[in-house]
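Presented as structure tokens, the chain that follows is alone, the form predicted on its own.
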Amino acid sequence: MKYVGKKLLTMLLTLLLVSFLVFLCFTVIPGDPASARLGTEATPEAVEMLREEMGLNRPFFVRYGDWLLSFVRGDFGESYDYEMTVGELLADKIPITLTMSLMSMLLIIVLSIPLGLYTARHEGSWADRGIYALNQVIMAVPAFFAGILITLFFGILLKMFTPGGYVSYRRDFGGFLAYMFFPSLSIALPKIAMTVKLLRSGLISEKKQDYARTAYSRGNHTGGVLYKHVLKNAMLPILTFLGMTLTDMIAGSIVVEQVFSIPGIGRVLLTAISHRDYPVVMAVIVCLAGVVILVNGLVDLLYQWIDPRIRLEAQP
């Protein structure tokens, strides 16, 4: 319990630091929300009046403290550009990006684990070499370029979906999931290749350990040793990798949303940055950082639960 308490405290402090740094960055970088809102032809008097109305003339720490207290209460402020509360805006957009991220993670797990097991079990075979070579190619393909290729092949040539024909989850949830499969696949593909490579290496390394050799000597077949003994230990680095992958997936989703014309958090974030819509930018970045920190913390706790050696090291 003491380890869990320390981990939660570290996560909260990390999130607080992220919020402070983001708030500081958008205070010192060039650009003014009042000028962006009024346009280039606004008079200095009108800009100054709007700055006063928006509270931008107050001291930095006063503004940050007010924002932090409001954020903790669940009040994310009001968007300058969308003319609605940031909470309402996020409630509409988060399900889109969240669905894409969850589908990507599901594809990574469903496809990479069987492929990793297969290549480790048939080490040195033609199939193993072919999958390894294909992995090397796929790992070098960025998510946005994979999205372009998927759009070209599945959308334009095979006509399995309409490029740019996003379907709202509020109107047709089944059509929404069908459309989101392809951008999710474009995000997942490079991660699938990396996960297969890591899992294969881990399995091959673990099955050469003494406990695996003992299991073989007792008459267990290769599949039984891999599934019952080796896989658990080989999955520990994979859990850490998947936690770290979430950060890349979020960054990739921002770009992929542009390729597939998806009105998710990524598009909102880019629009808010260009329009200096700081309440939206702050809320999106801090929420995304919170998700990443939470997932990584859960992975650490799961890692500790799986590996007894970590539990012993965590004890005072």
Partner chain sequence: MKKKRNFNLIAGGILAGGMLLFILAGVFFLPQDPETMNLELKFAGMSLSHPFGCDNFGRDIFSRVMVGARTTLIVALGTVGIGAGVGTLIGAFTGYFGGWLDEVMMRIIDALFAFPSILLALVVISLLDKGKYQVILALGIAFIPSFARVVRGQFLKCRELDYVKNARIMGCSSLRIIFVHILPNTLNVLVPTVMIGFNNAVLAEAGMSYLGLGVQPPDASLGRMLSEAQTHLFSQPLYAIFPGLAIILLVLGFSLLADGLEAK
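Numbering follows the first chain given and starts at 1. Here the structure is a predicted model, which is why all the values come from computation and not from measurement.
As for the form predicted together with its partner chain, it is not shown, yet the points below apply to it.
The stretch that touches its partner chain in the model of the complex, counting heavy atoms within 4.5 Å, is 120-128, out of 120-128, 166-174, 107-115, 83-91. Contact annotation: Ile262 falls outside 4.5 Å of its partner chain in the model of the complex, judged by heavy atom distances. Its partner chain in the model of the complex comes within 4.5 Å of no heavy atom belonging to Val299. Residue contact with its partner chain in the model of the complex: Gln136 places a heavy atom within 4.5 Å of it.
Using a 4.5 angstroms limit between non-hydrogen atoms, Leu17 touches its partner chain in the model of the complex.
Taken together, the three residues Phe71, Thr162 and Val295 lack any non-hydrogen atom within 4.5 angstroms of its partner chain in the model of the complex. Checking Leu98, Met235, Leu198, Val141 for any heavy atom within 4.5 Å of its partner chain in the model of the complex turns up a single hit: Val141.
In the model of the complex, its partner chain lies within 4.5 angstroms of at least one heavy atom of each of the following residues of 248-275: Asp248, Ala251, Ile254, Val255, Gln258, Val259, Leu269, Leu270, Ile273, Ser274, in sequence order.
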